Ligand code: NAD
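For reference, the chain that follows is the form predicted on its own, supplied as structure tokens.
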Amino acid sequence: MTTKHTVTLIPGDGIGPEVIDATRKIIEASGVAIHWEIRHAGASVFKQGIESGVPEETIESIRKNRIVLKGPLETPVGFGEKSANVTLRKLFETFANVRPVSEFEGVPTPYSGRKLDLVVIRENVEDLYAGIEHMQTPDVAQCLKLISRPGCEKIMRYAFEYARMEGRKTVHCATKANIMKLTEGLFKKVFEEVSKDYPDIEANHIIIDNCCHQLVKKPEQFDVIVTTNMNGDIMSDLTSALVGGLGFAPSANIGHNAAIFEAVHGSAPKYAGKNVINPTAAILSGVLMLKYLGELDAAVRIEAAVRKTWASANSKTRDIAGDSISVSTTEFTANVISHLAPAGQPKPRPGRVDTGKIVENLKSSSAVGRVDGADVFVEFKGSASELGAIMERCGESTAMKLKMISNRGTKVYPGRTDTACVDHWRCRFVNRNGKEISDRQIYDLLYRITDAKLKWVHIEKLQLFDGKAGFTKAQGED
């Protein structure tokens, strides 16, 4: 019997209790001693009026135990409360989302026989998934994409340490830095800086759309892919399809003070209680948890048993075999248990990444900033030329002058454009005399805009850092 661990167990919604029960039984059959502390989150909690979907007793359990095995949770789509999944990740700063995929013998795909074995490592708390959104006008919604240097460095170091731990040779950084030059560009820049500390690992940058193209065309070329939050969410679903689908996609959410293990797939409520779901993703998430706990022998034996089960002729769930010849969730679970090898067979791979190393000596930028202007966003129903005339007058006798107006990122004033304009305009005011712009001078401009009966909805300072622009130009702007 091994050391006893205490794990917070969240059964989840829909099919969650079934796949988590399967995982729990297999782990117990492997001989690992775990005390399961059952807590709840998701749909049942939303119904209690708790907007986060995560009650305080669940939060306290995770703080105490620091390890979570979780079933999928329902999330309202397009309305209502925030995702309970995202709430948990952010509350416990689980900055690294690890999603491995590898080929299974007995699971036919267009890529069978190509020995796919790769890992997507996704930054897990920043980017658009910070969830900072505003309706700026009746017709325009905004979502802020936040990328920080410390956040980038943590995920980059985790990716390289993970590659080194598993004996992997290549890390690709996938971004959209060719378009989002400041946010995704920062992600790329930090990757290139951190890669110098890992000369034993080949480091390559790749544009995210090309990465997806290459994953479909020649996925075996990839080993570890590190990417931003939303890119990683989408791309890791793509990679799971290469080996059979979301039923084969485990994940780990790793932080300094907590780790949450869960299948990538959703709660699939229409299949709940029917005993037909493939529990492989949840079981392999349990395998990742055992590796994290240092229970390497059990982790390797369970994964080997899962693979042996899929390689068997008559042990496939309905997502692969169809309704007529499939086994039930409970039958599949029993088959995995029957295939468990004795302790010590086969030999385990290396264990967990020490997340304590990741935060040592994180670098901060020493760049000095100065304000050189302001983008003032206004709600306006008229034309670009009408708004331009008003804004020209607002800038008269101030420290700033109107440079241009854009609509949805395209310059529309001065000059002509065929852009269809909405009621949300960015008016760029720039330094008139070369001196740094003060907050009081920005206030003065805003007062003038208000006096002109215009409704300003948002403002961004235009900053220079060590003389370099900390902002991008509109399409068509000089």
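None of the values given here were measured: they were computed from a predicted structure. Sequential numbering from 1, following the sequence displayed.
One more form of this protein should be noted, the form predicted in complex with ligand NAD, which is absent from this view; the next part is about it.
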| query | finding |
| --- | --- |
| Touches ligand NAD in the predicted complex: Arg301 (any heavy atom, 4.5 Å) | no |
| Non-hydrogen atom contact Ile10 with ligand NAD in the predicted complex at 4.5 angstroms | no |
| Tyr271, heavy atom within 4.5 angstroms of ligand NAD in the predicted complex | yes |
| Touches ligand NAD in the predicted complex: Leu246 (any heavy atom, 4.5 Å) | yes |
| Residue among Gly266, Gly351, Gly106, Gly388 with a heavy atom within 4.5 Å of ligand NAD in the predicted complex | Gly266 |
| Contact residue in the predicted complex, chosen from Ala159, Ile277, Ile283, Val120 - any heavy atom within 4.5 Å of ligand NAD | Ile277 |
| Candidate stretches 246 to 254, 403 to 411, 175 to 183, 189 to 197 - the one whose heavy atoms come within 4.5 Å of ligand NAD in the predicted complex | 246 to 254 |
| Within 4.5 Å of ligand NAD in the predicted complex: residues from 306 to 320 (heavy atom criterion) | Asp319 |
